[in-house]
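Below you'll find only one chain, the form predicted alone, shown as structure tokens.
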């Protein structure tokens, strides 16, 4: 288990990808799907790099390593139970753990919390910087930007801000004299850990750029618009960035691990916890007892290799090997304007050539994690069975039984159902709390029973998220029919494995699903589990609807507008993800879209007199629109330019990365009257992209369509759009589609 996507852990993932280890499953837990490279942060602020150039995408890297990806934030640790704790999901167990979650500046100064912008976490800094930059460029009012902290990080940040703002204003024909900059440090000099030559170089640069250095001025209190320093002075400020001494995540102090006085995990020279064998820490979060060093990315990078080897040793039960970090190291510190200073011990060199040197080093580092080999370079380590698991713990998969002999064991199911919290039984008379052979539920008088079933293979490696997606997808059919969901039965295939791992996977699957069902008022009433070669999950869901309230695919009327509630692109994005070619943030956006319930959308359509409705899933928008046209006896004209796409879908379609079902869906082009004219349009290809937990497609009178879209967007569907209109259909073209010109 790897908590955090820091510099050490990306090296671990790459090394395990290059040389896998038999019997080992890696799981990466990261608050975000992308991790920033701190060495390029000043360049991002200054505008020399894009955000993407300075971030490592963890999803493709984890897929290369064969690792599960959990995009969530760990909030605690139970070393005795060997579990990682979360705020909204069940704990995840581990055998060997490594922590690489970095650090944040200490904002314990009175008034600082919430009033200043810490330099870490970097994603929040960049978000705040975008807002600050926009304000600085839009106003001519006097403004003071302050950075607290005189180390290399603070100096680089402030110089990058000053250069960026000055040059942006100059490009607009404006001056920057109304903006002042201040650097506050409690030391007598900036960069106190560097040689005097380096300090003099930066003192000169800061003075030349008009930046006021408040040396020996520790900030002791923060008030809105004001910094108070230890010398009794007050300084008016408008924006404050905080880069002072680092501190560790608060949950580490409560974890039971031995930590130092700042909360960092105490480890030996093997990077293993001094108090808990099998738990490691690296990067800023680690305090290496035998070799104390300052918090710096260079140490995290160089810990990647020894950490990997000692994790392998811990997994195989071998002795760990110590690692001694260097005392002196090269620092390449930028001045914001593609100029840099090289610092190592008493040596200092500066110039634009130093920045170019730094740029080459940084880009080479990033290429290691962005240009991954197409396949693993070596076969997995041959680990003896007795090193990896107790004999007989994992029976030979080729000897697993079929039929009812393939069921997951009763004891496992009992424990799982105890851990998965269910809402009140609702209309379920006999459910999971009873040992009967089937579930029994009431159907309200005067209502019709609506039932559907869906089942598919693992789409994401996080079972908790997969459970939510599968539940959301299954409920989509009920929402499309105007039904009120009530009950669900699970159908699960869990991969062969150690019993405890199978139990945990099943727990997370069902807990994720129940989280969705609970929000929708649905009770998981029963189901069936089986062992198999790969993870798969589905649900048979039931609901009810008034006889006159059933929504059908048939019923479209000429003069109706077609409204789509969610963007397209899940098929192409996950096809790209399987090949390691989708950016993590694209997949995050796709998952968020899939988890958006169609229930409120159905209610909005009903309120606007919907004539027909369906959910857009496996057959793609074209296939489902064609079903509606045929069932209604009308023609449909689609507007390609209006089709909403998920972020990244245009790029993956452009590269020809499509789902295996795409080619079959594309046969619907035969029913599109003018398909040949639009075949080269990316949005034409999007018509055939199979969707998982896609949006609703519905017909609404064009007179009220704009109002319906406005209500949908207000209800949480920002991509809702009118994507076509219904026509009477011409002779020979009834029930056909057409692309609008």
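As the structure is a computational prediction, the values presented were derived from the model and not from experiment. Numbering follows the first chain given and starts at 1.
Omitted from view is the form predicted in complex with a small molecule, to which the following refers.
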query: Contact label in the model of the complex: residue 336 to the small molecule, heavy atom within 4.5 Å; finding: no
query: Residue 66, heavy atom within 4.5 angstroms of the small molecule in the model of the complex; finding: no
query: 4.5 Å heavy atom contact, residue 536 and the small molecule in the model of the complex; finding: no
query: Residue 29: touches the small molecule in the model of the complex, heavy atom cutoff 4.5 angstroms; finding: yes
query: 620, 149, 543, 283 - the one with a heavy atom within 4.5 Å of the small molecule in the model of the complex; finding: 283
query: Heavy atom within 4.5 Å of the small molecule in the model of the complex - residue from 74, 523, 582, 161; finding: 74
query: Within 4.5 Å of the small molecule in the model of the complex, all of 4, 42 and 300 (non-hydrogen atom); finding: yes
query: Stretch in contact in the model of the complex with the small molecule, which is absent here, among 168-176, 570-578, 490-498, 93-101 (heavy atoms within 4.5 Å); finding: 93-101
